[in-house]
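Only one chain comes next, encoded as structure tokens, the form predicted on its own.
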Amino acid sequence: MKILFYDIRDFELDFLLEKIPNNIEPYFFKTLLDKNTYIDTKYQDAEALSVFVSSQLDSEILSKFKKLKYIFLRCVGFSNVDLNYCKEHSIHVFNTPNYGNSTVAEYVFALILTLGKKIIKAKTSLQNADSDAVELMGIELLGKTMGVIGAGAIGRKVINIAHGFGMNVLVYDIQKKGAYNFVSLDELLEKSDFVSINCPLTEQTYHLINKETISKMKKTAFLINVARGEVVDTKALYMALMYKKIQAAALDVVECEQLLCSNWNKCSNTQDLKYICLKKYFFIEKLMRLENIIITPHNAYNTKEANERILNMTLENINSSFDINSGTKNLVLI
């Protein structure tokens, strides 16, 4: 089976070359895969693709691979894949769930503590020999209320860690699975000191956090998003932070994330991106200039242990594809 691996980093290449099955014909590319990617005709007969979340597999790009049978995602989410096209063309899509539940949940609290303890400001003030104890006064987590939006695998880890800090926890999830303190979204926003977004991006969660919902939050509240950027309305968040409607925010994901990548020369040509993305990027740039926000480059998942789990799970998915009828826990769509 011929597999094209995109978004490959050096450590992934070394790992896969050592462990990939002998009956696989692999080709590795450091570039991402989207409609702007040049694909030589000699690769268009590939039976499988393996990509990271930064690749965009819409119908236009997928239609170039006439023999495509499998997509092996090296990520949890699959909002970057046209699942309808895959279903219509009998393409099996695998993801790598639960590889970084603890990793991402830990990152939530890294962001909370960085904001709440004013760590970045403390470092800068020391470097500038301008420390002011009053300006550097932080807050503690004990007794505060954590609101968790999405009680999936990562959300449940966030809940457990919050309890470890002695926090009260409110949970919003449409499925209400588990013995948690489920409340309405309005109640969660009104009562929480910290709001952690851990839900998937769906039609229902797109811009779940917007001008109206932000208006329900405490002025002292912190918003943390490690899920998908499009769950938060960028303009509404900027206005809320600018005019002190909430205290602070930390984002590991933003809307139109591919535009940010161009700063590091790792993304595809942005000339034909939709105008709506450029408008959002305008507000992302403005957000980055505010003092009461932290933005990191989709890095919450990125630990040595989590990356190794992704690769091992990808190899398991590849092996299981040879016996697709046996079923696999990592199969998103058949």
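Every value quoted in this text rests on a predicted model; they were computed, and no experiment measured them. The first residue of the sequence shown is number 1, and the count goes up from there.
The form predicted together with a small molecule is left out here; the points below concern that form.
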If we take heavy atoms and a 4.5 Å cut-off, which stretch out of 83-91, 186-194, 150-158, 121-129 is in contact with the small molecule in the predicted complex? 150-158
The one residue among Ala300, Leu49, Leu33, Ile284 placing a heavy atom within 4.5 Å of the small molecule in the predicted complex is Ala300
Counting any non-hydrogen atom inside 4.5 Å, which residue from Leu170, Cys199, Ile71, Leu223 sits next to the small molecule in the predicted complex? Cys199
Can you check whether Arg228 is within 4.5 Å of the small molecule in the predicted complex, heavy atom basis? yes
So, Val254 and the small molecule: in the predicted complex, are they within 4.5 Å at any heavy atom pair? no
Within a 4.5 Å heavy atom cut-off, is Leu136 in contact with the small molecule in the predicted complex? no
Taking heavy atoms and a 4.5 Å cut-off, does Leu141 contact the small molecule in the predicted complex? no
The small molecule is absent from this chain, but in the predicted complex, do Thr114, Ile214 and Met242 each have a non-hydrogen atom within 4.5 Å of it? no
